[in-house]
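In structure tokens, the next block holds one chain alone, the form predicted on its own.
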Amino acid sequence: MEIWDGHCHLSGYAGTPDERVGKLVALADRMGVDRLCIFMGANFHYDPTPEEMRAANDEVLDGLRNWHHHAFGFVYLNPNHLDASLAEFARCVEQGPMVAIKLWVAQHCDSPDVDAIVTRAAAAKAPIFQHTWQKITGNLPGESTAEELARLAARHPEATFICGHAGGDWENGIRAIRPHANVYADLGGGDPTAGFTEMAVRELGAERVIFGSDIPGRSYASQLAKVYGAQITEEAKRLIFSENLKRLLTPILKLKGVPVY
């Protein structure tokens, strides 16, 4: 099956950004993964300054320069620095090659501070990948839950969201995003727990589930197993592995003149 990985990072490898992406691509080739979506730089910052945010995006841009046939970039933004984030969106997406947005843990995603970013993203047909998690030990100060993403999605039905990690506590996360057709569940990260993918397909429909690995923080073997080993149809596996993400990215790729096969 064709496989598009919607959740990749540059961290975990040594070398230049180009060398890091090359190592990711070599691993993906060995595991049968065709396309990678890469975001954030080699060093993660919970609440990046405008300078740190720009540096992280520069690393991804540098890494993509020789790998456009294998990888796409998502721009990393911080709603706590709204003007700088909108400037980065213009530089990297509207005027650059990136195709989506990554929001992490700087600010709860249902904050009004996020609305301007979502409005710009929707106009550019750029999906928004929002990290979500629900920890029994307590979340980071700005870390979002799937419930918060559901509230944001309800305010912006014109935008498209990917719920990173399906909320971490995926049984609650899947239920939280279920009413919102503009929110898709990312399977990336965590262990290949029995029933995860089956529940996502049952509750959301296979058309709203997206494969992601969270590589190199997780192994391809463990993450691919979530789909290959799931008790779902072959058509559902095809949708999850590539067709859903391809469908979400096709509008912005067409605007950029990038052919989608």
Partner chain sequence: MTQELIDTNVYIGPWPTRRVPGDDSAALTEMLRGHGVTQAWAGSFDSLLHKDIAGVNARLAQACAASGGLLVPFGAINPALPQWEDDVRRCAEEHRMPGIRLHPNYHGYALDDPRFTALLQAAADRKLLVQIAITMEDERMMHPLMQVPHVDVLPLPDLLAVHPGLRVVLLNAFRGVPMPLVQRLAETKQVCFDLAWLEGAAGLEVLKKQIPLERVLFGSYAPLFYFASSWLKLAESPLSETERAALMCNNAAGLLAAP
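Since this is a predicted model, take the numbers as computed values, not measurements. Residue numbers count along the first chain shown, from 1.
The discussion below concerns the form predicted in complex with its partner chain, not included here.
**Q** If we take heavy atoms and a 4.5 Å cut-off, which stretch out of 55-63, 41-49, 229-237, 204-212 is in contact with its partner chain in the predicted complex?
**A** Flagged stretch: 229-237.
**Q** Just one of Gly188, Gly73, Gly168, Pro127 has a heavy atom within 4.5 Å of its partner chain in the predicted complex. Which one?
**A** By the 4.5 Å criterion, the partner-contacting residue is Gly168.
**Q** In the predicted complex, does each of Arg30, Pro192 and Ser219 have a heavy atom within 4.5 Å of its partner chain?
**A** Yes, because Arg30, Pro192 and Ser219 each have a heavy atom that approaches its partner chain to within 4.5 Å in the predicted complex.
**Q** Phe196 versus its partner chain, in the predicted complex: is there a non-hydrogen atom within 4.5 Å?
**A** Phe196: yes, in contact with its partner chain in the predicted complex.
**Q** Is Gln134 one of the residues lying within 4.5 Å of its partner chain in the predicted complex, judged by heavy atom distances?
**A** The answer is yes: Gln134 has a heavy atom within 4.5 Å of its partner chain.
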